[in-house]
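Have a look below at one chain only, the form predicted on its own, in structure tokens format.
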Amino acid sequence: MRFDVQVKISLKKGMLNPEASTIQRALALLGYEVEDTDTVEIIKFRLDEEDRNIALKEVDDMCQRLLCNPVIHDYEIEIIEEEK
């Protein structure tokens, strides 16, 4: 089976996010008032695996070992079976 995978990675609450702070200040200078600005990295890819549970375990392992730092990042995994 082939799965479309999307991983959203963001900093955990309480972690300093200079990129988000810069964006928030720049938007304020342009006249836009925003609160709680956050940045999220989205990684998308396709994965061939026997079933959804195995795919989910593999993607979680990828996140833990390579895609993010679990100490400072939160991540959400979305797996959708590709239609034939």
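Note that residue numbering begins at 1 and tracks the sequence as displayed. All of these numbers come straight from a predicted model, not from anything done at the bench.
Keep in mind that the form predicted in complex with a further copy of the same chain is missing from the display, and what follows is about it.
*Asks:* Does a further copy of the same chain get within 4.5 angstroms of any non-hydrogen atom of residue 38 in the model of the complex?
*Replies:* Within the cut-off, so yes.
*Asks:* Residue 46 versus a further copy of the same chain, in the model of the complex: is there a non-hydrogen atom within 4.5 Å?
*Replies:* Taking the distances in the model of the complex, the answer for residue 46 is yes, it comes within 4.5 Å of a further copy of the same chain.
*Asks:* Using heavy atoms and a 4.5 Å limit, would one call residue 66 a contact residue for a further copy of the same chain in the model of the complex?
*Replies:* Within the cut-off, so yes.
*Asks:* Examine residue 62 and determine whether its closest non-hydrogen atom to a further copy of the same chain in the model of the complex is within 4.5 angstroms.
*Replies:* Yes, residue 62 sits close enough to a further copy of the same chain in the model of the complex that at least one of its heavy atoms falls within 4.5 Å.
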